[in-house]
Every structure is written in structure tokens, then in C-alpha cells.
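In C-alpha cells, one chain follows: the form predicted alone.
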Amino acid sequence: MLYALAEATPRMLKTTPFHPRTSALCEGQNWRRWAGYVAASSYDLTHEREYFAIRNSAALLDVSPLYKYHVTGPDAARLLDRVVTRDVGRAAEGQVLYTTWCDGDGKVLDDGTVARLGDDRFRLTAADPNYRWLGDNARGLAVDIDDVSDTIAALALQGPNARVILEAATGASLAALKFFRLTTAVINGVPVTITRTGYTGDLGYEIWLDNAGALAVWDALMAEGAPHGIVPTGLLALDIARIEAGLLLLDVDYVSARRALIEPQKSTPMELGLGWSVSELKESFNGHRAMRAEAKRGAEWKFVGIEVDWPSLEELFAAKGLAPRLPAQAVRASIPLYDINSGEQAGYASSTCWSPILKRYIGLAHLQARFATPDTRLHMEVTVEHHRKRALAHVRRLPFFDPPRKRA
């Protein structure tokens, strides 16, 4: 009987330390699951205002569900250099590295950031659980690995007004904080770490703090941000922004080598457009032989942007007596792409959306290398009144949106 009761008891989703504020603001109660937590898809009934806050004013996002690990000790840098593709040992204190990590065959397991908090103190963020993977690679090393995923809260403040809001909240200038660097500050009496990072491709910062101070920091940012158009923002708006920025998403734009069922589902950093993140200076790290061999022969696949030709799309819908219809939200689905001459499948789009700021129908795509040259003409499959059609599309360089303020 006890066993039956245990089996019938559902596993509860967790809430972030900001949930007392986010739940009260979520007008449509539009939630989704993220790493075992509930996260707001949108606060308004639609995500439009939130998207435009990212691009025109400031957006505040709860990103606490990210997996977070503190790696400390004399061999902390050595462990991370063994695991990730970037050169951690050369990173300066206060620097943040975006990186991938791979299996022994050079296939990507996950991507995230490594922040150097001190000489032998680092924080790694990830989309997937990686505690066991780090532990397996730490054998024989003097290093401690702490899973702080549930004890460190995180906010992303993104958009053109992000800096002025954060400076008002901290009482300190952030003019000297460079892209992918970090600093410490105090917000409403709460010590925080601020990194100049984000997932929107815009000017932005991420704020890291102990759970106990979460509500005080949220309240301060919202109060200081009110005159500057701050808007609590959910994942639907973020999805469009990250596609415009050419930023890939695990389980959507690539499959972790841990979960791939067949070899073609796996990807290398070079195939994901991240060849630049593979260190040429480190002697040895997981998958280094396979990655360096690939660098010599060239990748079989390329990760690129795709833009659908609007007149072509309009013509397909007009033939059915309709105006073009596009999804209001970003589409996380595989959509075939074809060579315009032979009809051979050239690859597929993994994320697509209508870009409100660019006024273009765009996507992130995996193409066989011979089809991936910018401006190459392809066909993309579209559905028009329940019929599969093919619209003209062009290969584009990523990112689609890259404002100077992001790095300035």
C-alpha cells in the first residue's frame, strides 16, 4: 500500500526564489517547465511587449533554473581545461568564457559559461546536469565540485537601458565592465556578482546572488527600472531574440551526445558554428584529437542563418486566396531545406521565427557544407492550407541582429 501511494504521488515542480514576484505578475498564468522548475513563458497574454522591451528598453528575466557548479581548489583550472574546449588556464580573474564540452569523439555534450571568480574558483553554468560528468573527469585532481543550482538565484537584465538601470540599483558605474567580464556589487543590501553576458544578443547583464536576497534584488531592479521601461519577460520573447542573435539551444538546435540515439544526431563544435571556441593552444582535452582532425579536413555540416524570401512566400499563400500566415511564436521544429536545382535535401532549419525588429522570416539551420555559402538559394518547406509547398530561401551569415551597444 505504501509503495502504491508513493507511485501515485506526482513529483512536484520547483519554483525559483523569485516566484513570489513572478507568479503575481504572470497575467495569463502561462508557464512551462525548465530544468525541473516552472518558468514564465510570458507575463502578458502575448509576448509582444516583452520582446520589444528586450530591443527597445529593458527586460528582466528569471534564469535561475540554469544548472550552476562551483569548481574550486588547486586543480580547478586543470579540471575545466580537461573538460571544456576553451583555454581556461589562460582566462584572467573576472573573465567569463562561453564554451562547449565534448565526449571523447569530439561530439558536443552541452554548452555554457565558465566564470573565473578567483585564482582557483570558477562557476560553470550549463543547460543540462553535469555534476557526474565533472566528477568523472576530476579523478586524481585536488578539486571540489559543488552543485549550487538550487542555492544561487540568477536574473538577466537585457536591453538598451540595462546599464542605466543597473547603475542606479548598484550606485556604481559599469562603464568599465567589458563584454564577458564580471564584477561584484551590492543591490538593496544584497551582495551580487554581475556578468556582462546574456542570451538576447543585446546589451545585457546577468546577476548572480544567494537565494535569500532574491526578492530584495528583484524589487530594487523593478523600482529603478520603472522610469526606463523595464518589463518582466518570459521565454517566448527570449526565444525570438536568441534566434535573431544566432544563439543555439540544446535539445532544439542540437542534441547532446549523451542522448543521441544514432550517430548522425551528434554534432561537433565546428558543425555548430563554434569552431572558434576550440583552443589551439591546449595540448589535451576531451575530444581534442577528433576536433583537430576535423579542423584539417573541414566540417561536413555548417550552422547558418536562413531567410525566407517574402515575395515567394506571399505567392504561395496568394494561390490559395490567403495572406501569408506565420506562427506568432518561435517554432522549435525541424523544417527541410532543399537544393533549388536538384531537389536534394540540403539540410534543415531547427528554429524559425518572424523577426519583429528586422521584419524578416528567419531561422537557424544545419546545412551540408557544400550548400552553406552565404546567399545560396534554397527551398524551404512551408505548409499552406494543409499542403506542403516550397518557398525560396537564402543562406545568411549569423547573427542576424548584432547591435554595437552589445559590446560597446
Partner chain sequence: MKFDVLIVGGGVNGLTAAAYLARTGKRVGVLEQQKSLGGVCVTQEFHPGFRANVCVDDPGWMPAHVAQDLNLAAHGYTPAFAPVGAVFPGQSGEAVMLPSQPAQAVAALRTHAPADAARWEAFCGQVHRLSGMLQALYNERTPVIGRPAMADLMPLLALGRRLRGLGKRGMVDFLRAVPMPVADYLDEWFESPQLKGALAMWGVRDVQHGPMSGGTTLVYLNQHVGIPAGLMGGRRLVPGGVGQLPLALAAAAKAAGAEIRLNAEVIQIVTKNAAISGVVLVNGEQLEAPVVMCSADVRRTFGMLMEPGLFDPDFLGATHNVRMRSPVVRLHLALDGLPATSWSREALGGTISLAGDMGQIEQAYDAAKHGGIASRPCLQVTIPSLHDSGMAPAGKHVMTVHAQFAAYRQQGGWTTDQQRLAVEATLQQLNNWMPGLSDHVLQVASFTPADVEREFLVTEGSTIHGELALDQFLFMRPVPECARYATPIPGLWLCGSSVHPGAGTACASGWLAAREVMNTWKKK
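In this text, all values refer to a predicted model and were calculated from it rather than measured experimentally. Residue numbers count along the first chain shown, from 1.
Separately, the form predicted in complex with the partner chain exists; it is not shown, and the next lines address it.
Student: Is Gly321 a contact residue for the partner chain in the predicted complex, using a 4.5 Å heavy atom cut-off?
Tutor: Flag for Gly321 set to no.
Student: Although the partner chain is absent from this view, report whether Arg289 comes within 4.5 Å of it in the predicted complex, heavy atoms only.
Tutor: Yes.
Student: At the 4.5 Å heavy atom threshold, is Arg139 in contact with the partner chain in the predicted complex?
Tutor: Close contact exists here: in the predicted complex, Arg139 approaches the partner chain to within 4.5 Å, heavy atoms only.
Student: Although the partner isn't part of this model, could you tell me whether Arg78 comes within 4.5 Å of the partner chain in the predicted complex, counting any heavy atom of the residue?
Tutor: Contact with the partner chain, yes.
Student: Just one of Arg123, Arg86, Arg82, Lys302 has a heavy atom within 4.5 angstroms of the partner chain in the predicted complex, so which one?
Tutor: Exactly one listed residue reaches within 4.5 Å, namely Arg82.
Student: Name the residue from Gly104, Pro74, Pro311, Pro264 that puts a heavy atom within 4.5 Å of the partner chain in the predicted complex.
Tutor: Exactly one residue meets the criterion: Gly104.
Student: Quick check for you: of 276 to 284, 184 to 192, 218 to 226, 162 to 170, which stretch puts a non-hydrogen atom within 4.5 Å of the partner chain in the predicted complex?
Tutor: Selected range: 276 to 284.
Student: Enumerate the residues of 18 to 35 that have a non-hydrogen atom within 4.5 Å of the partner chain in the predicted complex, in sequence order, or give none.
Tutor: Going through 18 to 35 in order - heavy atoms within 4.5 Å of the partner chain in the predicted complex - there are no hits.
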